[in-house]
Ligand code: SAM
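Presented as structure tokens, the chain that follows is alone, the form predicted on its own.
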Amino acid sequence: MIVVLRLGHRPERDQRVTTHVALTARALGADEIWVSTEDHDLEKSVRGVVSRFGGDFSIRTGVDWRKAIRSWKGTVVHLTMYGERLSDALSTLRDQDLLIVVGAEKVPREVYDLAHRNISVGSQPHSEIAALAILLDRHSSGKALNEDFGGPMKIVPNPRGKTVIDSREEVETRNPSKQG
């Protein structure tokens, strides 16, 4: 079980970024995302992707992050620029239930103390989306990228255009070089 806990989501400012955190979590093998701020529009958006593209991914918003971290039965991993190196920590995270904490605004000091592991994906300023993607990809050894989510819509690799198969309709193909 892998759950991503998003701290400090500000709906008026972070809508797109938090949506991308959720979609990255889903696409790369997490089971759920919990967001500390209640946001029904975010829930609707993520659930819409899941209904179209498949998978068992779920979202909850308005989660009390302190309670979530304290009650987690597995390992709490806080992604930060200031933690131990991912390359050193990765092998110790396999076969464990993970609660992966990613911040939006400044993360309270308490998170560093409550987390079992503070892990750095590089020691330079970077995006929480990138850090989450790298951690999840390395955790699955790249296997999550090839998962079939079983949804009615599937994106087919296409070097020159966009091909989407929707089992509810006809095949839709768009080629950017032919669009006006």
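Just count from 1 along the sequence shown to find any residue number. Here the structure is a predicted model, which is why all the values come from computation and not from measurement.
Same protein, other form: the form predicted in complex with this ligand, not shown, and the subject of what follows.
Going by heavy atom distances of 4.5 angstroms or less, which of Glu110, Glu105, Asp88, Asp97 would be at the interface with this ligand in the predicted complex? For this set of options, the contacting one is Glu105.
Listed residue (Arg117, Arg52, His126, Arg60) with a non-hydrogen atom within 4.5 angstroms of this ligand in the predicted complex: Of Arg117, Arg52, His126, Arg60, the residue with a heavy atom within 4.5 Å of this ligand in the predicted complex is His126.
Is Leu79 near this ligand? Define near as a heavy atom within 4.5 Å, in the predicted complex. Yes, Leu79 sits close enough to this ligand in the predicted complex that at least one of its heavy atoms falls within 4.5 Å.
Ala131 versus this ligand, in the predicted complex: is there a non-hydrogen atom within 4.5 Å? Ala131: yes, in contact with this ligand in the predicted complex.
Leu28: heavy atom within 4.5 Å of this ligand in the predicted complex? Leu28 lies outside the contact set for this ligand.
Partner proximity in the predicted complex: Val121 to this ligand, non-hydrogen atom cutoff 4.5 Å: Judged by the heavy-atom cut-off of 4.5 Å, Val121 is in contact with this ligand in the predicted complex.
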